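Okay, so we've got the same protein chain twice, two forms, each given alone as structure tokens, structure 1 and structure 2.
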Structure 1
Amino acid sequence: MIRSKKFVAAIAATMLVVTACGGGSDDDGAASSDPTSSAAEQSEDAPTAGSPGGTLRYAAANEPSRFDVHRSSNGYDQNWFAPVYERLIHQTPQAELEPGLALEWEFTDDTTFVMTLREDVSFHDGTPFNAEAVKANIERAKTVEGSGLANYLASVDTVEVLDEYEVQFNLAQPDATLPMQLATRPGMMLSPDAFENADLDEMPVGSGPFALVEYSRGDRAVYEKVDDYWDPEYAQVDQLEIFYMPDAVTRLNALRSGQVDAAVLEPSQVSEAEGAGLNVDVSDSLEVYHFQMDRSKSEFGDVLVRQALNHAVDREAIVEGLVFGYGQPTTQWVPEGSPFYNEEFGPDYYPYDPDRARELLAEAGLEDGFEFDAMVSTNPIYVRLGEILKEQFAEIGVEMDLRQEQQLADAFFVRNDADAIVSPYPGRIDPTETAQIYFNDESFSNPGRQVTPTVKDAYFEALIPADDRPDAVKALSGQIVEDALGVPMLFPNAILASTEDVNGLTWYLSGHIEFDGVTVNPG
């Protein structure tokens, strides 16, 4: 199969980048811990390392909600933030944690988290970075009006400055996901002197390898390399331009015409991009396409019904038909290979079996099926998925009335406009975070606020930062599948295409892109 060949190549390319970047960081465990990296290096023609300098132009599919990181409301904003905002903790493309602004971190007990910070770092406006800056950032993220991050930091009660470069988080309840959170937007540090800047939504002040110099909404952001960034290997290009191009056809055309050097594409475009002589990387991603129910509505409160729906979807066929084989079927919210993957709940845990589904419905007293209404965003790939589901649910006598909705999140999470949605989820490496987002009775993204007691117990178990935590998290991951809280269907691959002048570009498992060590040869 074509897919698997590309898949190997993508892993190999990913490994090369990790190896290349490892030298620059304090901890190159990411490169050495992976047994395949040396093999990959030998088997694959190592791309000739490009020379530093030049401008890299990348086309993104999403635009940032705003550049004020604390008020950012979209997980996909991270692509635009990563160059300019340095995070407390970095992550490798495989979503392993690495030192960033914090050199070390640990839980001293279940509810106390201590970090030792990097010294001699200053923000782009000259403000020094220290424990006070961390405290100010976390406090603003939790309290600023219109905060998009408060939800992720809900467990943090207070932040204490122990000394200039040591900071302590006092938690209201155990939260082992905190380090992972601090490797994403909640860990991005904004200069405290810029908190009151009127133009913060357009002009961020961070301490990252690049500084934003120009931003025009709906069009592009221009970043310039800063000279005194602590990792000299990170920024190889002098200038970085990220373009916002929501339409995949536009992105590919821009790439073909030389308007950009790299772009994220859709599975249907792989053959066209390859035919045009572009380098196409097919990478694994944590993103999940799923069917999300409001379990307080329609017949979704009944586990038998939810299990029936899980049996009604033909995941293999969906992978083939929807993403042309560029994806993996799943019943779990983390992919195989994740440290938290529960082997007992493989992709075949709910095999495609309409007869079994009808039996389960009959058991639930719904021999004649039922009807509900669902929404899907206007993005064509999700509309297609919606149509596919409608057809497959109809097979077991369940009628889904589907309509398109421009502002899907508002319509479902805020206004509760429908019984269910068909949507993508950017994904998390740790199912505890997924549970926090979707399967917790306080979650914003759980519109019915309904959850099974079994999952709730497993969730609290998984929050405790204990040594045997991975087992607790696996148990949680399995419990979510067993209780059929949703219908996850597949992990679509991320498709990244670039011209042959670009070296080192890699997709991060967590669903974003960074420009760590990327070079571009002047065309």
Structure 2
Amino acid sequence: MIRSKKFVAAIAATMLVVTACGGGSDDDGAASSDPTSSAAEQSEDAPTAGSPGGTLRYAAANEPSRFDVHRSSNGYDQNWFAPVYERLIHQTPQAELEPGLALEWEFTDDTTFVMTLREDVSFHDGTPFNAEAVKANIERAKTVEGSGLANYLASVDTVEVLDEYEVQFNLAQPDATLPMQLATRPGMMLSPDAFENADLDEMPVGSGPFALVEYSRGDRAVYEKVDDYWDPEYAQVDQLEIFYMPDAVTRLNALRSGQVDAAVLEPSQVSEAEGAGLNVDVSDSLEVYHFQMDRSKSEFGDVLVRQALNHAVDREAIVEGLVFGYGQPTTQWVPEGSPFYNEEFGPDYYPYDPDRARELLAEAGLEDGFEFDAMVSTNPIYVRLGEILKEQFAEIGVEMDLRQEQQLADAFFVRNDADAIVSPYPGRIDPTETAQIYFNDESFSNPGRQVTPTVKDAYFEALIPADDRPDAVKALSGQIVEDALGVPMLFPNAILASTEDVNGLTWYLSGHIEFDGVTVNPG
């Protein structure tokens, strides 16, 4: 059967909470949030709980770049990291912030951020978790060679230990996104005693609900439950196995044959999975399919060229042909319904118009078009998206030489091996975070380090914690569209399938999956 979870209605309440930057706390010491948003929705579809114990086997479409969290180069690594690495701040499925290793947090002024930490927590190697561990993690994430997280923490000047379980972030500039960043990879804590481990890329040492006990690149990761994890309700299975299966047909076959218990599928497989008696959840997501240019290469430094490419893309046709209607076309990095969505730059701002695209190229002095090279991952759905874009760009005289790359993030962001990529992005609830990732001149995921002055100015305005911050963020969102810094195309629905024996598996609006409270009935 299909259980459809619609989270878009919850975005407005969630974002308004996020905009306030977690400044207060409730009577229980938890950071303030809105517990009502989508709660009824969540319980309406909630399956009956199963029995604790057993093994959950999940098939993922992506594999981790590495397990050293500070050197991670791909946002999708979080799916593999979450079981083993505990975060300072958690997110609910609706992307609300809630306590993790930090019990409370607040901005005491625009550039001072204080956290009160959970006590009696240890890393899997026995190292105690405390304020010194937080300081060591943030400093390593900012400075380690090959860091994939430094740009997320660029605003952090120093980290100060106030006492054993209280830590202060002293910021070089205002950064209202910091609590949200600390709810993802930058907030994942690694044992300081493991910093120099030679096998850290394969064997992480965190303080999460599971410990990684076996990892084979290109195949699977095996995790075992940690008995003394602070939240005994989190890990309800004794063992978790995550398999890397890039091909959707392979994932569905593995699910139907009993090789795995749950898998992420493609929209074209919904009817087949339903017919096989599987549970299918169709969920909204902030994930974005996009075309990213290295704006220091080819002809991409010219805004006229970037605007032409936006006009060359038939977003409606891609939604229908690629994801069978399971998605929403977009020119922005947040969906309609968000208080950060700028109505002036709606879905028709760059209508599909090849003639207008050719006019813009001619205005840029490229009447005969141009040629560039691009990469796409080996995941079949992204390969198909790349092929569609190749055809649509060809209609305006632009030739995209497309090749597949298994480790796409490393190839583009680290080795700088192409002019552009066709890629998914897990998405962020606040476009300021997206700008921090892609459109800042210090961004790890901006290999050319090119940014327009208008976007840069709007970005710094949006970083200031203030009551009118949503207006500043909307202005930033619109400026990114006007300057055409990328080509966002659609928000695809997430398709998550499982057997009837799996209970409680939920897709997170943030574009990730976690295993909080999931049970598997004995076979």
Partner chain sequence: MTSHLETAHDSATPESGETPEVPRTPWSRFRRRFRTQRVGLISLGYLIFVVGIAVLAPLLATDSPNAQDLRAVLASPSGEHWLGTDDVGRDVFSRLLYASRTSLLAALLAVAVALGLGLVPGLVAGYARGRIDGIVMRIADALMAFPPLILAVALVGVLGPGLTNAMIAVGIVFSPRFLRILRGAAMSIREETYIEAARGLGCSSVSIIGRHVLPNVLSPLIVQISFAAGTAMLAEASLSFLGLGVQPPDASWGAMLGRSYRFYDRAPWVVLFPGIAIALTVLAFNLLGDALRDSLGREER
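Take the two forms, find the largest set of C-alpha atoms that superpose within 1.5 Å, and that set is the rigid core. Numbers follow structure 1, counted from its first residue as 1. Since this is a predicted model, take the numbers as computed values, not measurements.
**OP:** Tell me which of the two, 1 or 2, is the form predicted together with its partner chain.
**Re:** The chain shown as structure 1 is the form predicted together with its partner chain.
Subject >> Hinge between rigid parts between structures 1 and 2 (choose from M375, S477, P492, V237) >> reply: Considering the domain motion between structures 1 and 2, the hinge residue is P492.
Original post:
Can you give the rotation, in whole degrees, of the smaller rigid part against the larger between structures 1 and 2?
Top reply: Domain rotation angle comes out at 19 degrees.
Subject >> Cα displacement of E320 between structures 1 and 2, once the rigid core is superposed (Å) >> reply: That residue's C-alpha is offset by 3.0 Å.
Original post:
Superposing on the core, what C-alpha displacement does G397 show between structures 1 and 2, in angstrom?
Top reply: It moves 9.6 Å at the C-alpha.
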